[in-house]
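First structure 1, then structure 2: two forms of the same chain, each alone, as structure tokens.
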Structure 1
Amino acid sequence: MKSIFQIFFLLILGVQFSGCNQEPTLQKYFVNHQNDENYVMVDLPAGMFLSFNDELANADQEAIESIKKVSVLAYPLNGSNTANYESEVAVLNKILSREKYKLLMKIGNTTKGMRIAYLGEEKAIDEVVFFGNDSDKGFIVARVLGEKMNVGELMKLVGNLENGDIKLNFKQFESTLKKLDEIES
């Protein structure tokens, strides 16, 4: 009796694992499309735009260092690539509907909308994903990748940012910003 249980259990486990491997992930989606001319991909390592004072409190330092990079993949519609738009949006929606993505909020419908989700634990977030789509303009996926990011600590940091204790270093990626502006317009 017990062995039957065990075999059954292992079988289920096996099926689940093999199922997982075949499912597309956001990471794979990014990799598969980074050289596609219909897509625009921007990778920003956190060190590129976050430079800070040495006097910074340890907690703030940790909060800043918990952000590793920001990765953006956009699919601007240019008139000739509308055919794949809907199917790609469906693929991304399917990936983001998986249980491990904890949905924070979503607004809109399938033709125009956005959603925000995260991976990890409440106090230790590994990734925040923003997905926005508009059937007139295209879609954009932005991932904030990090390690044990804590929203409370990060918000405190934003507060300090406003007080001028920390300065964002935008100079180094002005060109990237311009690029993003071009995509938007």
Structure 2
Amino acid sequence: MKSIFQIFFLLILGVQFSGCNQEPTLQKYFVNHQNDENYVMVDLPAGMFLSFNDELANADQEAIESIKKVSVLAYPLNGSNTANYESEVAVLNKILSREKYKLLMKIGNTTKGMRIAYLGEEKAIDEVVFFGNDSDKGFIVARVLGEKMNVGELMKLVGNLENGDIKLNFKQFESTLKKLDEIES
């Protein structure tokens, strides 16, 4: 009886360990590089930069309210970190090519590119991911986290941002914007 219990225990333990997903995730990638001096990381709650406008359509208000946080991780090339650039881009490409990420758009070539993907269902998105890379400047990954975000509504929201129908308040994090602007330079 004792040996049956031991076998059963070992079987359960084996299932537990084999069931653990050891594949890299974007969240783990962010966590693993948040304190790395080669990276710049910024976490922004949506309320910090979106100011609500009473004249917005309800759909735009809902799209804004569905965004909870934006996390940005950038890897600006500075001469001393170019050796790792391609391997880091390969890791991110591998993560984003997994089946759970649904591709919205991909453009570019082997030296410059951009990819936008999402997690969740089209009308209930949990995360939108932007990944842009340039072999001369570096790369940037942005995660837009929310609850039940809608692709169509988010695209309309972007259009309204371009038209100036939505005000963005950047004063609260001007120093962060300066860091991101340095990455583009």
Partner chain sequence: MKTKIVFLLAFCLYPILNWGQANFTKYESMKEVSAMVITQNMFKLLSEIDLDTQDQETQAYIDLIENLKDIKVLTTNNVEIGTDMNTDFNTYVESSQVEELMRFKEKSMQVKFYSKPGSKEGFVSELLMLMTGQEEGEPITVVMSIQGDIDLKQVSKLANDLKVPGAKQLKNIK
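FYI, numbering is relative to structure 1, first residue = 1. What you are looking at is a predicted structure, and each value in this text was computed from that prediction instead of being measured. Superpose the two forms; the largest set of C-alphas matching within 1.5 Å is the rigid core.
- Between the two copies of this chain, it is structure 2 that is the form predicted on its own.
- For residue 154, the Cα coordinates differ by 2 angstroms or more between the two structures after the core has been superposed.
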